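Okay, so here's just one chain, in structure tokens, the form predicted on its own.
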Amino acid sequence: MSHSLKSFASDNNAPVHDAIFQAMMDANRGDVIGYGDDLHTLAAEKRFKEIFGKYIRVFFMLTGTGANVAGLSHITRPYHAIVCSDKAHLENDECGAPEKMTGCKLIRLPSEDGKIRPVQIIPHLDSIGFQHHSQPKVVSITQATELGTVYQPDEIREIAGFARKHNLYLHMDGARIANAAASLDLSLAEISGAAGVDLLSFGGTKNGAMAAEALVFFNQDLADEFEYTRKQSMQLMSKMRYISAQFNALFSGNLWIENARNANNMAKILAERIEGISSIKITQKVETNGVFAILPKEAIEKLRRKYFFYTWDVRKNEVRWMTSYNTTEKDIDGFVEAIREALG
């Protein structure tokens, strides 16, 4: 099978941004102390505090799954339960790591748009205090969701208030939080800590970085002794400066938001270009950098001979087309032309 160089499968497939690569190369000079005791890491920690608030605790991690699992395992006990959407990355794309490493039960809430609501959690609160049942302890939401939709700040605040009322923590999987902030035209803090999130898995990898993930604790008490959990989770990188340098580059100027805005804008342009095609049905609001659409199976097969992308739901012939920081309007033009050819 021959594919074009451009992929619409995932923003993970995009190359590392030149400025981020350069920052890593600049950090690659001389000896520095390992495991985070270096000037690059101290600078990155300072940037996170400028963005999210001076009282946060931040820990740099290697992978998004590692950040999610290490963070959740630190704030739970094995008899606890974690409530999430049935579309969540925790549930579908982490190979059972949350269950294995935390020991917790995942409670999946059905969602057509990737978002969950407090009313869905209420029936599961009956388990609290009953020794035969897993005890709900964390609500985990994804921003932006796996379906490309975004939580509005008031939706997050509602969930956070509900969680606090019932002695639950609120975790946010922010693998694409930059895309959500760009879509909402709000700061990163406004859609996380300021909205009541206790723990944020912050992702940089999908926004032009090579491997840059972080855990941000807004509740400092929860961060106590996390350095040991990070080590046991095999997420402590000895040459930490290469992770830290990536964050310094992302937050230097407006690179993080420029990258996210371009990815979002290209998805909107793609959706606009195919909206009038009768044999294509867009299934989700295009709020960030993903377009979900249903089209004939034979057209999917033809299109995949030229472009790499994933089928989201085989039963419905629903596909997912993702754009990234380096997608151009010319890329969109070529892809739309290929879609029309595939549809005959």
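This one's a predicted model, so the numbers in the text were calculated from it and none came from an experiment. Counting begins at 1, following the sequence as shown.
Another form, the form predicted together with a further copy of the same chain, is not on view; read the next lines as being about it.
With a further copy of the same chain omitted here, the record of contacts in the predicted complex names 61-69 of 290-298, 273-281, 48-56, 61-69, defined by a heavy atom within 4.5 Å. Shown here without its partner, the chain carries Lys87, Thr145 and Asn254, none of which come within 4.5 Å of a further copy of the same chain in the predicted complex through any heavy atom. Although the partner is absent here, His74 is a contact residue: one of its heavy atoms lies within 4.5 angstroms of a further copy of the same chain in the predicted complex. Contact annotation: Glu318 falls outside 4.5 Å of a further copy of the same chain in the predicted complex, judged by heavy atom distances. Met101 belongs to the set of residues with a heavy atom inside 4.5 Å of a further copy of the same chain in the predicted complex. Among residues of the shown chain, Gln220 is not one whose heavy atoms approach a further copy of the same chain to within 4.5 Å in the predicted complex. For the residues Leu184, Ala211, Leu109, Ala194, the 4.5 Å heavy atom test against a further copy of the same chain in the predicted complex is passed only by Ala211. Residues of 12-42 placing a heavy atom within 4.5 Å of a further copy of the same chain in the predicted complex, in sequence order: Asn12, Asn13, Ala14, Pro15, Val16, Asp18, Phe21, Met24, Met25, Asn28, Arg29, Gly30, Asp31, Val32, Ile33, Gly34, Tyr35, Asp37, Asp38, Leu39.
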